[in-house]
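Single chain ahead, written as structure tokens, the form predicted alone.
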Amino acid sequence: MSATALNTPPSSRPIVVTHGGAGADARDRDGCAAAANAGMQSLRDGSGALQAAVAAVRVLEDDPRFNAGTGSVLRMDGVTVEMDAAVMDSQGRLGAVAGLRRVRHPVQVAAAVADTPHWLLCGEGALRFARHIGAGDHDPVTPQALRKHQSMLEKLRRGERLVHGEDNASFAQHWNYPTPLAVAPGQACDTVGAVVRDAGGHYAVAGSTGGCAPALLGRVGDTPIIGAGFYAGPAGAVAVTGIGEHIVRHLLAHTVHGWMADGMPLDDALRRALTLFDPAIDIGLIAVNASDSGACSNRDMPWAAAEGAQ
């Protein structure tokens, strides 16, 4: 378990904290730092907390080392990519997309959903909406994703269990792709995210993921589910990464926000969150509140923070 908190004066100094996913390579922290700096630059340019969170996550979506946007994982058929994203701020804005395909920046589409009468769009409707707002066609599959896919195939052929608590055969049993099952790959359900406190003391969170494998077609994890993978409210903002099927059962982001609202120090709230899970399950969090910011994970998790002047 690792946790780090940054102490700042209450509601005065803007800050952007980013993460690259629980279980991701900690050596990729430079990508998180670039994202945090982009978010901070957005604040300096006059944007609010939500726009800054989106700016930070866009940088992570463009970095193929992370499982979001370009860099998203291939699903079990070795062809399909389905992406989820969400945004929320403490002033009532909320938007999310699920099962989105062929878009470069899912977080930008999620932010646009916040301007509609709805909070969540999925599948074909999300894609049509993305095209309506001008998001061009983009193939997120990279050579790196293809190499990871082949690596996971080899692990499966060696008989390695790929998902905690699940038999590999269960995915074959419920196969719902249009192509026949060959061999199912598997890799971590990584996510990227950002939390922001602006100079006015407003909070925002944004997250994006390329999903996970093995997973059935249409699988949605915690990333676009309010209160599970993300939450922003009067007590701060929280972003969660890890295995979504376990995270949603605890509505983890909302739970941590509630602990902070009740007066629990941010660092203690993040550490307590990890105790809710079997240590074999990847879990990580980042958060900001009026006085602190920090990150905590039971795995390697690249993350970074950028602070502005008071």
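The shown structure was predicted, so the numbers you read here are calculated from the model rather than taken from an experiment. Throughout, we count residues from 1 along the sequence that is shown.
Another form exists, predicted in complex with a small molecule; not displayed. Remarks below refer to it.
Think of it this way: in the predicted bound form, the small molecule has a heavy atom of just one of G236, G71, G211, G95 within 4.5 Å, and the residue is G211. Contact check for R101: every heavy atom lies farther than 4.5 Å from the small molecule in the predicted bound form. Mapping the unseen interface onto this chain, I243 counts among the residues with a heavy atom inside 4.5 Å of the small molecule in the predicted bound form. Contact annotation: G221 falls within 4.5 Å of the small molecule in the predicted bound form, judged by heavy atom distances. The candidate stretches are 48-56, 243-251, 34-42, 272-280, and the one lying within 4.5 Å of the small molecule in the predicted bound form by heavy atoms is 243-251.
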